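Okay, so here's just one chain, in structure tokens, the form predicted on its own.
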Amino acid sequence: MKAIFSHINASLGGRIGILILLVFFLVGLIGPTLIPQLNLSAANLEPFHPPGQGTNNYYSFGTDQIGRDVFSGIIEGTRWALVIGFIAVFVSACIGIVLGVFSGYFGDKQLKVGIVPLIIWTLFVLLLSFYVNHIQFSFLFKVVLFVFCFLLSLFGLTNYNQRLRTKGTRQINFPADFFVSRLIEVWRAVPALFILLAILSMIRQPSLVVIGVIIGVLSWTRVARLLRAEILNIKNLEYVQAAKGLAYSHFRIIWYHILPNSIRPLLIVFAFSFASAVILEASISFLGIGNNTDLMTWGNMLSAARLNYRAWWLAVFPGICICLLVLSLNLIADSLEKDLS
């Protein structure tokens, strides 16, 4: 981690990006506590009031279409932007890292799978999909439950097959790289925005957390592709071959030797994924799709600007926040990308 911070600190753009991102974190985390009386209600009834002195209060950033303070909405929208970005990055990292490791480390010939365990695991995934689809819980809980059980069963299948290999049980080659690569190609064939809109149309009242999870599920491919390429370069190096010669387990080699040396390129992808999640959420909120319009998010404020073209403050202030947040993440990613070998 010290090397990563040194790379960021060595670049002027990286320092600027960290400073801007830190400001957003402080505003999102402690902004509502420093300003305890956020004017997020429409009790004052001063819609589309321009920045400046109002009849009842002073509105530094003006008011929206129902009289809520835009400055308070910017603070609340910062919190939601950070939450959505973190959720999307976490979900995409969980899926992309697992599939990228299986594709790059095991390839098409190194993953030995017993026929019976493979059939049992396939039936388990099918039954899990059927069960999760019919349980009476929220969509977010269904997605989290399916991903958790799928990844847990995948690790269990790997460990069980390793035990069967030590006993001399007959196994077949499982082309992990082939299946993951084809899955990535199929997943990337359809634009993520179209899939997101189709999923949101099937959900009655999706929350911003659910939107963040869906964005993460849709954006795991870039993590998997990058990690696969990194592992293909790393797994043939001397220290990895030495770990295999010492009969270390696959999990130990991956966790202690391969993933730590892939942190820097992964952080670059995470930064871009965070920025993409913020932009994608603002886009669907601007279109009036997918979340509660009563929430003051940056995208909802941009959408409200369409109701009155004279209310320039509803477009300028949220737009500046989106640009600055995305700019900071891009500057950090560029500073990490320099001299990357």
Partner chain sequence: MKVGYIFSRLLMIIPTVLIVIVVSFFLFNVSGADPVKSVLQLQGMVDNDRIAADAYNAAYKEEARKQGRHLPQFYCSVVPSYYPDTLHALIIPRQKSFAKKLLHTYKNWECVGNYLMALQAMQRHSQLPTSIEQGLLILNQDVDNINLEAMFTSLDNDILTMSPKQQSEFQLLQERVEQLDAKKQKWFYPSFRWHGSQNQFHVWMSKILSGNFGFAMVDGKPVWAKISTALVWSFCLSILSIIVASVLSILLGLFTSHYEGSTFDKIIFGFLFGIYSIPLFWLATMLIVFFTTDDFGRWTNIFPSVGLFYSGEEGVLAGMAKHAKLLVLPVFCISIHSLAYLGRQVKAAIVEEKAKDYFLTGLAKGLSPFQVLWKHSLPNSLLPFITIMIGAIPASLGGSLIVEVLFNIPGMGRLMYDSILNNDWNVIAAIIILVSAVTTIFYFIGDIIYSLINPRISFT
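Worth saying up front: this structure is predicted, and the values here are computed from it rather than measured. Residue numbers count along the first chain shown, from 1.
From this point on, the text means the form predicted together with the partner chain, which you will not see here.
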* Asked: 15, 82 and 86: each with a heavy atom within 4.5 Å of the partner chain in the model of the complex?
  -> no
* **Contact residue in the model of the complex, chosen from 236, 166, 201, 122 - any heavy atom within 4.5 Å of the partner chain** => 201
* To do: Spell out, yes or no, whether the shortest heavy atom distance between residue 282 and the partner chain in the model of the complex is within 4.5 Å.
  => yes
* **Contact of residue 9 with the partner chain in the model of the complex (heavy atom, 4.5 Å)** => no
* Asked: Is residue 195 close enough to the partner chain in the model of the complex to count, meaning some heavy atom within 4.5 Å?
  -> yes
* Asked: Taking 4.5 angstroms as the cut-off for heavy atoms, does residue 131 touch the partner chain in the model of the complex?
  -> yes
* Structure fact -> TL;DR on 180 to 188, 211 to 219, 240 to 248, 256 to 264: the one with heavy atoms within 4.5 Å of the partner chain in the model of the complex is 180 to 188
* So which residues in 306 to 325, when you check the partner chain in the model of the complex, have a heavy atom no farther than 4.5 Å from it? -> 306, 309, 310, 315, 316, 319, 320, 322, 323
